[in-house]
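As structure tokens, one chain now follows by itself in the form predicted alone.
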């Protein structure tokens, strides 16, 4: 999703350079630099274990980087972590509220922690905004994944943060709940709130203003959706016809083929050299099988990037 407002001259909400974090001899975040602008929804993508959560925890003052520098909301990451914590809304992967308290009781508890002024009114507003009114007396432990998600987002917003850090907030919830959640995120961004969000869903990635993809702690690519796809220089063909699935292993073992993915009765084949790839297809396909170019997708790009990445467990 492209931005409709040019904010290039606006001071970034997140501005970090060469951030690095290791645990033992494993480098989990390896010299990552990033800028996030006011009102921007920035997608942070990568496979499990790629360092996304560790990076987020450094941004909100929960972890100290081993090296690198930067600011979050104008506060120094190393020198001012407490100031950052009070100005950021952080939604973790795991539901972290009390299951034996109601929605209202959980929100009231969080408001007390942040010493929110006019606490009752603020909680009322959060309940109304997230559509929690009819369920406010329900125990959090009895909520479905989508309603737990709304509670967690409401709790993040109580102290009126300027930045939301959302770590896979829609994992395990149904498509309607995911869509409703993203509607809320775009409304908040339109009001000037910045959002850094991790996700594994490609449709969600496409709803972000800009993206970054990391693998094994390293930043592989960043930019708008269009930038990321164009930078990959991937060409993809759709193959249709009888017995195309039987070609899968032969194509995968061909030098010059990056990936082969089944799509119903067809397969998609991607590579970086169009002439080489068409030559391979011409030699392997039968007369009743046909191929045609199709646009490369984010999923194609991310699988390709993952194959290029060097495993930091080695």
Partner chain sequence: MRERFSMGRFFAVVLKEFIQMRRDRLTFAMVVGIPIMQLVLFGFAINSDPRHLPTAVLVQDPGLIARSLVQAMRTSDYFAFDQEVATEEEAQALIERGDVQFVLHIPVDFTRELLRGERPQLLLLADGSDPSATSNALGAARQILENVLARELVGSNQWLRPEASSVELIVHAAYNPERISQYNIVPGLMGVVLTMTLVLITALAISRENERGTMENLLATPVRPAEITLGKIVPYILMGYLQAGLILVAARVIFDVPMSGSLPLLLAVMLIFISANLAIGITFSTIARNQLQAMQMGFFFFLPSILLSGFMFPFRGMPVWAQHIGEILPLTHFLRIARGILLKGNGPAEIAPEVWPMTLFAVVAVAVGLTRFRQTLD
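Model, not experiment: these values are computed from the prediction. Residue numbers count along the first chain shown, from 1. Each form is matched to the other, and the largest set of C-alpha atoms that superpose within 1.5 Å is called the rigid core.
One more form of this protein should be noted, the form predicted in complex with the partner chain, which is absent from this view; the next part is about it.
Contact annotation: residue 92 falls within 4.5 Å of the partner chain in the model of the complex, judged by heavy atom distances. Among heavy atoms of residue 96, some come within 4.5 Å of the partner chain in the model of the complex. A residue is said to contact a partner when one of its heavy atoms sits within 4.5 Å of a partner heavy atom; residue 160 fails this definition for the partner chain in the model of the complex, lying far away.
Using a 4.5 angstroms threshold between heavy atoms, residue 222 stays clear of the partner chain in the model of the complex. For the three residues 63, 114 and 139, a heavy atom within 4.5 Å of the partner chain turns up in the model of the complex in every case. Taking 85, 200, 179, 238 one by one, only a single residue has any non-hydrogen atom within 4.5 Å of the partner chain in the model of the complex, and it is 85. In short, of 191 to 199, 123 to 131, 213 to 221, 100 to 108 it is 100 to 108 that has heavy atoms within 4.5 Å of the partner chain in the model of the complex. Once the cores line up, the CA of residue 102 ends up 2 angstroms or more apart between the shown form and the other one. Here residue 174 does not count as shifted, since its C-alpha moves by less than 2 Å between the shown form and the other one after the core is aligned.
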